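Shown below, as structure tokens, is a lone chain in the form predicted on its own; questions about how it binds or moves come after it.
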């Protein structure tokens, strides 16, 4: 019997947690190559024309991994067209002649179904092993998020350019090698200490911008053309709240979470917009009231939940004179245009801040 090589979509640095999950299950992970223009071109070539760009990135990932020898693909489901990705991608890839098994991690959040899915990834894995593998991978994801959150808030103010990146690069390598909960916790604490020791030239009241929108373009820097880093380079403290672990936690308690979101989004939203749309409105409304200087709203072209949220956000922006940068991504989006829009947005925020100071 040939070796089972398990691959998965690339999404930021979460590949470290996914790799750990597969390895801890007792299977062999095949990490997809990092995103490139070629990845997107591959996916776009074989995707339906009007499907959203995360679908195309995922499909390109899978083709690259299958060419490298992957035999099992892990995919997930979600609250929009994401719920249909797995079946459509499987049909496309098999039409292209690839032989593989696709495991669609269900979006029903049933423990029994999750365990059954993981046993398809690693036949023979016990329920205890599955639980431990998931817990270790989850802990590594939390560590990644803690480090990334610190970097988003401070990298724009580093005195020595590249200081944060050097620390984070070491952290990623060590996180791959971390053997369990204690190692991961110690590494997180040590890395936060190293980041805290980096000299910063940060004002007492820096510009603060929140980033909301569709989960994939938020969490994959290549897909959003490194928007968070570009904002930070203009002396902005960047905040993002949609993370992999928050999605898992919210999925487990979906109904109370949606009720809370609708309460936070009142009076702007009466019904759940689907996927992350309601959260985009609720978080923007909250951060505006908390004194943030602006928001960036990111979405794939044609993403219906975020299109619905966008109309509400435009109204909030207009009625409260609150700056919101709207960015829509497709397979043709150019980084140069994104950079230009970010520069103009940052300049406008800085002028508004100077106006408030001199008033």
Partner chain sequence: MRKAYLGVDIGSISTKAAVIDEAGEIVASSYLWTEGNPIGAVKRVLSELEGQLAAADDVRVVAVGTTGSARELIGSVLGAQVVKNEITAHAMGTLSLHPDVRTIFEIGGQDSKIIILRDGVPVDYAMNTLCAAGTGSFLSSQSRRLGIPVEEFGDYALRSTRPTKIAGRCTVFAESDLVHKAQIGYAIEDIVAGLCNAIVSNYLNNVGKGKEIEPPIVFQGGVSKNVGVVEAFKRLTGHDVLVDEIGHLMGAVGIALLAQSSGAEGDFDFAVREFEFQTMGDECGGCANNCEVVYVLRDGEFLDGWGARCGTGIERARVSASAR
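Since we're looking at a predicted model, the values are computed, not measured. Numbering follows the first chain given and starts at 1.
The discussion below concerns the form predicted in complex with the partner chain, not included here.
The three marked residues, 38, 222 and 348, each reach the partner chain in the model of the complex, with a heavy atom inside 4.5 Å. Residue contact check for residue 325: one or more of its heavy atoms lie within 4.5 Å of the partner chain in the model of the complex.
Heavy atoms of residue 321 reach within 4.5 Å of the partner chain in the model of the complex, making it an interface residue. Taking non-hydrogen atoms only, residue 34 approaches the partner chain to within 4.5 angstroms in the model of the complex. The stretch that touches the partner chain in the model of the complex, counting heavy atoms within 4.5 Å, is 313 to 321, out of 65 to 73, 47 to 55, 287 to 295, 313 to 321. Counting a residue when any of its non-hydrogen atoms is within 4.5 Å of the partner chain in the model of the complex, the hits in 338 to 352 run 339, 340, 341, 343, 344, 345, 347, 348, 351, 352.
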